[in-house]
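Below sits a lone chain in structure tokens, taken as the form predicted on its own.
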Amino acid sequence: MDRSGKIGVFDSGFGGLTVLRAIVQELPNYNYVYFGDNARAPYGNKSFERIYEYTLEGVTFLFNQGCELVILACNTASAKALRTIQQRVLPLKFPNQRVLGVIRPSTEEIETFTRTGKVGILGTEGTINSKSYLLELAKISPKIEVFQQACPLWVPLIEERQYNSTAGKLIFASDIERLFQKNNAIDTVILACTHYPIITSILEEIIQGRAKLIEQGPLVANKLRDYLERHPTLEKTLKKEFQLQFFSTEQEDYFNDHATEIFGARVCVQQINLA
């Protein structure tokens, strides 16, 4: 069998790099392609139709780069586009390729983290309004009470590298306080946007131990390892030669500087235009 396949990671911007970093640490022997749609970020305040359109463009681009499997490292895309792509697009256009999201892997282990049974969700407007986490946790851990808080300004602040500003920190603190006002017994908070781990240290300073912050990257990486073990036919199509490629719709200098800081290794991106 031709072992030429790659694993693609798609995000609306920089956030998916936190997932890619965790996946590479867990599964270092594969060939990866990252695509960040930074020029059109954020996705969280866009319509369902626009998010689906952008996500499908990103997935198709990664398939054309030789990816056999694509991870939607974007909660908004996972919430609003994943199922339609899996059920309607793949069978007709890409029957041998697969697309996975980050929501289910992020919910399957939450019960092991919480003691009070009260879990908070911080996410974009699109993710929160989709109620995807409420639905998944109701199926997987029905005894857990879930409380959500939309954080519409967080991704723009992170994408524009304004998260260390006084105004930015005030916004983070305000949204977190709104979450805890819904139930003071929340002891576990899912960072339901892959951008948010970029500001974990700031969030921990604000929360001051009131709850445990759960980052998605390690959870997704562990579940991906399990998925590949359970799908050996797909796994055999993947090239076992570590390589990283980066693409973005944003200018190269802008992307490389911030991406290198987030990913923890030098990033050299190629700018593309999907229009």
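Not measured: the values here are computed from a predicted model. All residue numbers are counted from 1 along the displayed sequence.
FYI, the form predicted together with D-glutamic acid (DGL) isn't displayed, but the following is about it.
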Exactly one of 155, 121, 99, 81 comes within 4.5 Å of D-glutamic acid (DGL) in the predicted bound form through a heavy atom, and that residue is 155
So in the predicted bound form, does residue 35 come within 4.5 Å of D-glutamic acid (DGL), heavy atom to heavy atom? no
Indicate whether residue 58 is a 4.5 Å heavy atom neighbour of D-glutamic acid (DGL) in the predicted bound form. no
Residue-level question: is residue 106 within 4.5 Å of D-glutamic acid (DGL) in the predicted bound form, judged on heavy atoms? no
Classify residue 127 as contacting or not contacting D-glutamic acid (DGL) in the predicted bound form by the rule of any non-hydrogen atom within 4.5 angstroms, answering yes or no. yes
Heavy atoms within 4.5 Å of D-glutamic acid (DGL) in the predicted bound form: which of the stretches 136 to 144, 187 to 195, 84 to 92, 168 to 176 has them? 187 to 195
Any residue of 163 to 189 with a heavy atom within 4.5 Å of D-glutamic acid (DGL) in the predicted bound form counts; write them all down in order. none
